[in-house]
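Only one chain is included here, represented as structure tokens and corresponding to the form predicted on its own.
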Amino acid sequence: MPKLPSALRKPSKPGERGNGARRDGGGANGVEAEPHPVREKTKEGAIDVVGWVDQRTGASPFLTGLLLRKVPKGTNWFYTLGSATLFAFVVQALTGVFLAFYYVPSATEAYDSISHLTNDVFLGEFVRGLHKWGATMMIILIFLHMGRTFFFGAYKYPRELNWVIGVVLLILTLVMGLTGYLLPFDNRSYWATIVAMNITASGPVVGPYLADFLRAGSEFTATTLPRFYAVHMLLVPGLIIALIGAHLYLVVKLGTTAPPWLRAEAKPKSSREEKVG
């Protein structure tokens, strides 16, 4: 007896394999579709690439701990301030790269390059404004994040090192804001930087040396602007990226703390209280 066409065959019962159907995929009229060869090869290739990278980097334990770590009870929106600060830094990095395409770190050409970027380049004014106001937002967020850490007592044992790293990140963020303020090289940024350098030079012991390092000499000259640009674009972001990596590693390793009001409720009773009870 000749075989019937596939469209006229009786469909298999639920849970049964029949007529070349698969158990793990559905199709029309209850008949499960055959796997697509190109799609299956693409999926297997992606899995192989991920496995190849993981074998050579060992990144899966860290990513698993970062993405699947336990969150303490009572966690609220205050705990997102660190992630918000990290997002602000990523925005600063991306917009900074775009601005660097057109900026010329020269005392004679810096202002003209900024004017060209703002007035002539497509979306240049938008990206510059995003970078400018994003810097202010990043400073606000990092202050709020450190305030939350302090008032929630998350700087205590065993997280003292992470608190020190956070303080250094705060200082580097302020340095990045200071060095970036001069780059438009207009009258306001020029004289504001002069005042900032005079304040820095008045600091004890290391103040004069730090001011000379930033100015690239004892006076504000044409070489000061390239020095600020190098510190702003290379030195400070590199340090920030390294410290953020160490910060995230310690967060994954040590976990996050519960809010102080929940920790107070969870404290065990003393032996005297237990006897009285």
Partner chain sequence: MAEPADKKRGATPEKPKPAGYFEGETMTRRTVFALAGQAAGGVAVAVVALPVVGFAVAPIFDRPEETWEGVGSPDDFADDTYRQAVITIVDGVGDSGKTTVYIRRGSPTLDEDPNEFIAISTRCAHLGCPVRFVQAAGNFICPCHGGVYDFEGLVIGGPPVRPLDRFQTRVNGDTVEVGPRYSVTNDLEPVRARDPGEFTGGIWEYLYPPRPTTPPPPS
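Positions refer to the first chain, counted from 1. The structure displayed is predicted, hence computed values, not measured ones.
We do not show the form predicted in complex with its partner chain, though everything after this point is about it.
Quiz prompt | Single option in F98, Y111, Y190, Y155 placed near its partner chain in the model of the complex, where near means a heavy atom within 4.5 Å | solution = In short, Y190.
Self-check item: Residue (of I171, I140, A107, L94) lying close to its partner chain in the model of the complex, criterion heavy atoms within 4.5 Å
Solution: The residue from I171, I140, A107, L94 that makes the contact is A107.
Quiz item: Each of P208, D212 and A216 near its partner chain in the model of the complex, meaning some heavy atom within 4.5 Å?
Solution: The answer is yes; P208, D212 and A216 each reach its partner chain.
Practice problem: Go through 193-201, 158-166, 111-119, 126-134 and give me the stretch that gets within 4.5 Å of its partner chain in the model of the complex, heavy atoms only. | Solution: Of the options given, it is 193-201.
Quiz item: Are any of the heavy atoms in F185 no more than 4.5 Å from a heavy atom of its partner chain in the model of the complex?
Solution: Taking the distances in the model of the complex, the answer for F185 is yes, it comes within 4.5 Å of its partner chain.
Quiz item: Though only this chain appears here, would L234 touch its partner chain in the model of the complex if you measure heavy atom gaps against 4.5 Å?
Solution: Outside the cut-off, so no.
Practice problem: Find out whether any non-hydrogen atom of H247 is located within 4.5 angstroms of its partner chain in the model of the complex, and reply yes or no. | Solution: The answer is no: H247 has no heavy atom within 4.5 Å of its partner chain.
Quiz item: Even though its partner chain is not shown here, does A222 get within 4.5 Å of it in the model of the complex, heavy atoms only?
Solution: Yes.
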